[in-house]
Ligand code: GAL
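The chain below stands alone, shown as structure tokens; this is the form predicted alone.
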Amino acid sequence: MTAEPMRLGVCYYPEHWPETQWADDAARMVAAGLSRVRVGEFAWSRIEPEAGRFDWGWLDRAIAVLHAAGLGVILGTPTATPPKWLVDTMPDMVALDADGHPRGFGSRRHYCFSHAPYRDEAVRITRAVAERYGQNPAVVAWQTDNEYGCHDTAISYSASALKAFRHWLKARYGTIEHLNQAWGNVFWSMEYPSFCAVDLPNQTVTEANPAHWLAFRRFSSDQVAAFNRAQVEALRDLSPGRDVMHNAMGFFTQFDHHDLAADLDVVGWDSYPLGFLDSFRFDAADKLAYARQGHPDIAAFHHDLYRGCTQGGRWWVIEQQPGPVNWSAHNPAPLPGMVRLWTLEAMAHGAELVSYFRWRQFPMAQEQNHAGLLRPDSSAAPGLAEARAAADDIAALGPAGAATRQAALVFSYDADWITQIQPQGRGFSALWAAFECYSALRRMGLNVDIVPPGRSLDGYALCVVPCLPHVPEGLVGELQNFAGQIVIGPRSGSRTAEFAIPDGLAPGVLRPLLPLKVTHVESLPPGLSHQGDGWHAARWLDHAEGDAEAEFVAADGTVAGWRYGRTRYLASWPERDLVDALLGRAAGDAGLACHTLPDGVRLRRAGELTFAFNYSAMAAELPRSQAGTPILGARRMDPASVCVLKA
């Protein structure tokens, strides 16, 4: 948790508006309680309209106007939108999709991470911007690029990617014989005579070797991290002492954010709860019930995920939805009060900054239907008053204290790649197993920290490993030394680092914690389930035998949950009733005080404060089991309202 009150900011594009408007915009930002403003991340064509000819005047003046108003500038490197003149000089810089089609000019993110000359150009423009503004007192932080991988662009199938992949493979495996053995290429006569003979895994007749895919996913992730690192090094050289941040996205796993964060001071993310609810795999009932609020665990899940990416736990919301978006199948407006709620929820989870996207709705181009804090005619949109109200709340509450440690949830991007490559059934994903377990813990009113494998578990009472097919070195020892309760989910320990079934079968290296052997697995079609006492096992089953106790047994004898000492094994997909029951028992054994919360209500404890958020469209009453005196709001919570209790 930050020792200072959370700041508020906004994303602003001075190049979109008449210069005569800038000073008034800056003054209105300050009046709304904002103190940070992000600029410049899409402005390459205005900064460098021709190769080598820079136009700094407009940006000099814009930064000066914002600074004079008392706003700290977060300056973006403009590499997400390389200009047309650059693309024309090196047309092979664009990424290719899995079908071999170019990701062409005319929108954004039209580059391949593996294209070495473009990476050089990205470093060149980064250095040029940092040489100009790196010591400017107005600039308080930097953002590298914008939303790496957005629009499915982290993975490219270009000639540049193929060349770089072959070099990556040689560095990893050393000899082609080692690669062939590690991938099991004797199967289907897939053995390669040399690294130069290895192709990319797309456009095969049927599915490519899963080990080939996993290597390519790891390589592609490394390319994103390397591209980012080159910019970070330039910024640290020319603008020392300022935070460097990148803005991640929701439910996005095309690269390993833990690796990216190793080079950053702060991880930012872009929070669009309504767009994410409509666009991702929530059921029809949730999409209707939370259409104007967002699912109550979407924002919090990502707050806790990205907080766990850096060792220091520093994170920002750099784009907060303030109104309808333009990119989902349906784009409702937030329920009145939700922009304030989302802001205070980020505070409760330890954000240092919430920045709204965007200041003013732009009346042209692709995002003309994307709301801002102002309408296109400069009149106030509903989000502006809610931002001002949140600023007042933050000032009244002061800094949030350190979060109470209760449950740790272990998540690995590598795990999600494995389950995407070989799902063994439609829709199975380690990311969504993590989300279901996270949501169950939050329904009990618990604090959850999402951590990568290998992070210390000290101070937690419960550790949940929802789905971890490949268990990285060191995690088993960490779990063995952990004093609390442990829950391990399906498919964990079922693959080696090279995507093979381990010797002795699953759970592989986890067997010291779980003396079981998974003999076979099933993925079940809709409607086929096994009924237990108030729960059901569906979609997935790990059939196991061994010395553990069968704890959750269906009427037909199917075992959905095992227990051995302080470790439990969830052998089925975390369906809501089953995961609630199993995690509830584990939490009780861990000595955690759980609550029965009204639908849509969530809690977060920070120091002496307990924040309560009502995502429901109905009024809700906090349970009596939740102690504390309200210092903001009331225990009877209206829809889209916040109550803060002090112990």
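Heads up: residue numbers just count along the shown sequence, starting at 1. Because the structure is a prediction, the values reported are computed rather than measured.
In what follows, reference is made to the form predicted in complex with this ligand, a form of this protein that is not presented.
Participant: Is residue 218 one of the residues lying within 4.5 Å of this ligand in the predicted complex, judged by heavy atom distances?
Facilitator: Heavy-atom contact with this ligand at 4.5 Å: absent for residue 218.
Participant: With heavy atoms only and a cut-off of 4.5 Å, decide whether residue 42 touches this ligand in the predicted complex.
Facilitator: Yes.
Participant: With a cut-off of 4.5 Å between heavy atoms, is residue 79 one of the residues that contacts this ligand in the predicted complex?
Facilitator: No, residue 79 is distant from the partner.
Participant: Looking in the predicted complex, any heavy atom of residue 105 within 4.5 Å of this ligand?
Facilitator: No, residue 105 is distant from the partner.
Participant: Considering this ligand in the predicted complex, which of 449, 319, 575, 297 comes within 4.5 Å of it through any heavy atom?
Facilitator: Selected option: 319.
Participant: Given that this ligand is left out here, which of 121, 414, 278, 270 has a heavy atom within 4.5 Å of it in the predicted complex?
Facilitator: Selected option: 270.
Participant: So in the predicted complex, are 147, 357 and 370 all sitting within 4.5 Å of this ligand, heavy atoms only?
Facilitator: Yes, because 147, 357 and 370 each have a heavy atom that approaches this ligand to within 4.5 Å in the predicted complex.
Participant: Would you mind picking out the stretch of 270-278, 528-536, 174-182, 155-163 that comes within 4.5 angstroms of this ligand in the predicted complex, counting non-hydrogen atoms?
Facilitator: Result for this chain: 270-278.
Participant: Within 4.5 Å of this ligand in the predicted complex, counting any non-hydrogen atom, which residues from 229-256 show up?
Facilitator: Only 247 sits within 4.5 Å of the partner.
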